[in-house]
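Quick heads-up: it's one chain on its own, the form predicted on its own, in structure tokens.
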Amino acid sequence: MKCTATANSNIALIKYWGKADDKLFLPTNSNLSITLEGLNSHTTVDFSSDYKEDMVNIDGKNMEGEKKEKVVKQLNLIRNIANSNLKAKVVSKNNFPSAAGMASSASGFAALTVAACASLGMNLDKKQLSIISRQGSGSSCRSIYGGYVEWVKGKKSEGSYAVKVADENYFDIRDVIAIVEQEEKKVSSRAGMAETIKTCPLYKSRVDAAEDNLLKIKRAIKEKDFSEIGKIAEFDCLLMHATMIATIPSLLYWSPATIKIIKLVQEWREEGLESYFTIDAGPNVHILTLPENEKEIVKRLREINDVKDIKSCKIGGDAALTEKHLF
């Protein structure tokens, strides 16, 4: 049965950077994100006896090698659960740059998991889908849900899953993304995390701080305290990038334009234009702000030559099935 799903990307406010278990994709610390409306993956999966091998097409390109293997590994996991040996055709499209620090793997594997499980007739709840999706791309478990989403670290596979802390309508904040580079990064997040855990002397301190930051930001979300949310998210971001920079060899995902925008956000805040930055494993800067400041921040970013594109996102909803098939 051919099934299609869409899933939104997310941006972590409390970061995930490192696995406690590489095989099960268990994170070293629980973490939290907001789901981003308008940055999505759209994926059609068809399991059929007509196919002799798995076929994977992403953004108009037939995948081979490592990229295909990651998708096939996820299909194998789902096939094993469903007790199926059918091969599949997978076609997926992102409406934003892939592998540039904007969580394309999160939305991609969430959409893949929802579509593939439906295609094999599996009637699963969102918790079960998040457990399966996590094993393809850790942060994808958070993209199963909309709103403010926590990924519980757990100690075994069934204990590590996403939970919705608050839905997308609970507290309206905006993420204005300054895209300064759209090229694929040289060191993937997966490879970078492994090196950081192995070589960074700061790593354990960051994990401890992240757990503390998580408790604080959940309280701030409950109280709808934007200033506190922003301060904690910015601090947690800098902690993660400090461990990346202190990795051997150093992982510096930022570009000169990244640092320029960081400094501008700090200046804007001093002027009274309240905004905070957070950055995933890439050069592009996510600027968190309130709805009334969104247009002014977009306007100011348009005046910066280094900014190649701007995406402005509300908090988005759950991953879902759709009838708009890609083939």
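Residues carry their position along the shown sequence, with the first being 1. Every value quoted in this text rests on a predicted model; they were computed, and no experiment measured them.
There is also a form predicted together with a further copy of the same chain; it is not shown, and the following applies to it.
inquiry  = Each of 226, 300 and 305 having a non-hydrogen atom within 4.5 Å of a further copy of the same chain in the model of the complex: is that the case here?
reply    = Judged in the model of the complex, none of 226, 300 and 305 sits within 4.5 Å of a further copy of the same chain.
message = Within 4.5 angstroms, counting heavy atoms, which one of the listed stretches 255 to 263, 50 to 58, 64 to 72, 285 to 293 is next to a further copy of the same chain in the model of the complex?
response = Result of the contact check: 255 to 263.
task = Only one of 205, 182, 188, 84 comes within 4.5 Å of a further copy of the same chain in the model of the complex by heavy atoms, so just point that one out.
result = Answer to the contact question: 205.
message = Quick check on this chain: which one of 152, 242, 194, 124 has a heavy atom within 4.5 Å of a further copy of the same chain in the model of the complex?
response = Contact check passes for 242.
ask   = Is residue 171 close enough to a further copy of the same chain in the model of the complex to count, meaning some heavy atom within 4.5 Å?
value = Heavy-atom contact with a further copy of the same chain at 4.5 Å: absent for residue 171.
ask   = Is there a non-hydrogen atom of residue 215 within 4.5 angstroms of a non-hydrogen atom of a further copy of the same chain in the model of the complex?
value = So residue 215 does not count as contacting a further copy of the same chain.
query = Are any of the heavy atoms in residue 77 no more than 4.5 Å from a heavy atom of a further copy of the same chain in the model of the complex?
reply = Result no; residue 77 lies far from a further copy of the same chain in the model of the complex.
ask   = Taking 4.5 angstroms as the cut-off for heavy atoms, does residue 235 touch a further copy of the same chain in the model of the complex?
value = Close contact exists here: in the model of the complex, residue 235 approaches a further copy of the same chain to within 4.5 Å, heavy atoms only.
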